[in-house]
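Coming up are structure 1 and structure 2: the same protein chain in two forms, each one given alone as structure tokens.
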Structure 1
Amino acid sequence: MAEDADPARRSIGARRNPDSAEAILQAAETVLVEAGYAGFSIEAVARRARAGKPTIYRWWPSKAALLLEVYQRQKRVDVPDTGRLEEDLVGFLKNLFAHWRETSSGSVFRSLIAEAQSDETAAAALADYSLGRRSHTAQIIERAKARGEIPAEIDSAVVADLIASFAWRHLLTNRLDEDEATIGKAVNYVMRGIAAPAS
């Protein structure tokens, strides 16, 4: 996981050095994976990236900003389009859990959420990001509306919220390896409801 391509990276003149930025983002990710959020400090990232702390502060005014960019660099999770909403949602959650579990994304996003609890700007950034993601997720639902699978008056934002909340809580409580059946149930309840059919 080496991050120091060149042993002595230098300024490349009066502009941002992409190598440095890359090294810093790489280092941030590595530190987060190796030492967790507890060991994630600007100091540690700078050491690992062989970068000066001011270089980091110049481009990322806060830990949150750095975390956010690290998260955004990562591959997005696939949103399936099977033609059936329930399958789409289950597939999405399965993919998301696997993504969070198997890459560093989970650690990064957890850290970002944690950071947002003490850092106002992190909270704002996370809110922005979440808004974007939610509307993205809502598209799955909108597609289902278009297909007539669900009524038009369903508030897709709320549904997306329910789904995302379920994912967040599993991430935050270390339950990403949850049984697939549980995911299925959760989605099914949202799809079909839990009330007994009016007989």
Structure 2
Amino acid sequence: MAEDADPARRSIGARRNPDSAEAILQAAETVLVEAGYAGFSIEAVARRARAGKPTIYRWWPSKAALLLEVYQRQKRVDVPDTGRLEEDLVGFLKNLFAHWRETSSGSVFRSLIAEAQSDETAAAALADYSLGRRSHTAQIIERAKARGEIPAEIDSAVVADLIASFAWRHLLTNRLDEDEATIGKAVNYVMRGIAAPAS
């Protein structure tokens, strides 16, 4: 079997061919919808995309890496910018919980976290993804620093980890219907620890 079954979309080595990559990602999304996480495989994606497995593994070194990119393509979570850190964090968590709850992304990400506990390649892919998300969430904290809302010495990455821990716990225990009051209480406890002292 040729490395790329579709001659119209030739591989161009380690650099992704945009047409082939898009076909593979669309195929991965379709397989995930039809077969679920348990039935998802590189073989099934290759058949659907009319692509060779070597091409897929060249661009995505593991099933987890491919699934994480699919997850990122589907993720649509608005990050509020209200001018108040507490409101921004509550709004972000509400939007994230709703996205996980109302789309298939919640179950996909939960399964990826579970697989990462026993699969080194999945763990590595998840760790890389988490670093990027940590930096993204930390930007919310940095905005508050720039406004003088919290002290400059606050470690934004640690605060981002606290917010992520709250979110992941609710994802893994399937408690994504948490009410706004409870989310607000958790964020308020974080705020008490990092807020600038009253002048």
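Residue numbering: structure 1 sequence, from 1. Here, rigid core means the biggest group of C-alpha atoms that superpose within 1.5 Å across both forms. What you see is a predicted model, and the numbers here were worked out from it, not measured in a lab.
S.K.: Here are two forms of the same chain; which is the form predicted together with a further copy of the same chain?
M.R.: If we ask which form is the one predicted together with a further copy of the same chain, the answer is structure 1.
S.K.: Any idea how many degrees the smaller rigid part twists against the larger between the two structures?
M.R.: Smaller part versus larger part, rotation angle: 25 degrees.
S.K.: Would you look up how far the C-alpha of Leu67 moves between the two structures when the rigid core is overlaid, in angstrom?
M.R.: C-alpha displacement of Leu67 between the two structures: 2.4 Å.
S.K.: By how many angstrom is the CA atom of Arg50 displaced between the two structures after fitting on the core?
M.R.: So the C-alpha of this residue moves 10.1 Å.
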